[in-house]
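A lone chain, given as structure tokens: the form predicted on its own.
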């Protein structure tokens, strides 16, 4: 018997290597249904979204229906079924940020990274731009967050400086 196969059932012959990282996450958390959310969180951290085939695989391993896993993944706002960019830029549009000019900042970001209308993520999966209700840093308004770092008192001009720095640090300046 091939040791690289998870089950002996022909219809369920899923190669272990294809889901190696997912298997590591599941093994670390356990195969209990109660750990579904932590598993989904780790999978999303690894892949930057929750691919459909991985959701189905997790359901099979945890002995849950795919609908249950999909339901959890779509219920919580923290999960995404669409790929996100390497840099997730969250623009605060709370009252303080909106009044202090978050719209021109958002427009400048979208223009700088080349986002098409209605698309939150660039085609090269480098940037995702999201508008959120509040980042809780009203005294620094307008505020953005790139991945986990907060930037306050943003201006359209400051966006170019920040993105230039990100791209230079990564060695992929335009």
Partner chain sequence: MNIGSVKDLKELREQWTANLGKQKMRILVCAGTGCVANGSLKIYEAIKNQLESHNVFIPVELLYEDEATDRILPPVPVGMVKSGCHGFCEMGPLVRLEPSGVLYTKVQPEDVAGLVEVLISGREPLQHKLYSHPVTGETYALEREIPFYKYQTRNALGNCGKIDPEDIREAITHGAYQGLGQALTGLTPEEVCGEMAKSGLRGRGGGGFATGFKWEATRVADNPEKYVVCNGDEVDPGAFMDRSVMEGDPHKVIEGMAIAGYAVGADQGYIYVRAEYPLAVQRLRTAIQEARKFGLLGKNILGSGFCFDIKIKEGAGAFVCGEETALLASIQGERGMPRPKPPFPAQSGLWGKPTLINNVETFANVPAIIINGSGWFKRQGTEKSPGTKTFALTGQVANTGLIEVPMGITLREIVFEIGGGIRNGKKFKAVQIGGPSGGCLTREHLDMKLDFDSLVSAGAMIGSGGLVVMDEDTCVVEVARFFMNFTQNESCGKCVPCREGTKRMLEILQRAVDGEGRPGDPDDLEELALAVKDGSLCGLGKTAPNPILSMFKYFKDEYMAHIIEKKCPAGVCNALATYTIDAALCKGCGKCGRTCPVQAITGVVKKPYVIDPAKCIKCGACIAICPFKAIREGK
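Note that the rigid core is defined as the largest set of C-alphas that superpose within 1.5 Å between two forms. Residue numbers count along the first chain shown, from 1. Note that this is a predicted model, so its numbers are computed, not measured.
This protein has a second form, the form predicted in complex with the partner chain, left out of what is shown; the following refers to that one.
- Note on contacts: among 132, 119, 125, 146, the single residue with a heavy atom within 4.5 Å of the partner chain in the predicted bound form is 132.
- By the criterion of a heavy atom within 4.5 Å, residue 71 is counted among the residues contacting the partner chain in the predicted bound form.
- Residue contact with the partner chain in the predicted bound form: residue 153 places a heavy atom within 4.5 Å of it.
- Within 4.5 Å of any heavy atom of the partner chain in the predicted bound form lies no heavy atom of residue 87.
- Among residues of the shown chain, residue 34 is one whose heavy atoms approach the partner chain to within 4.5 Å in the predicted bound form.
- Residues of 126-146 that come within 4.5 Å of the partner chain in the predicted bound form, judged by any heavy atom, are 132, 133, 134, 135, 136, 137, 138, 139, 140 in sequence order.
- After superposition on the rigid core, the Cα of residue 91 moves by less than 2 Å between this form and the one not shown.
- Superposed on the core, the two forms barely differ at residue 135: its CA moves less than 2 Å between this form and the one not shown.
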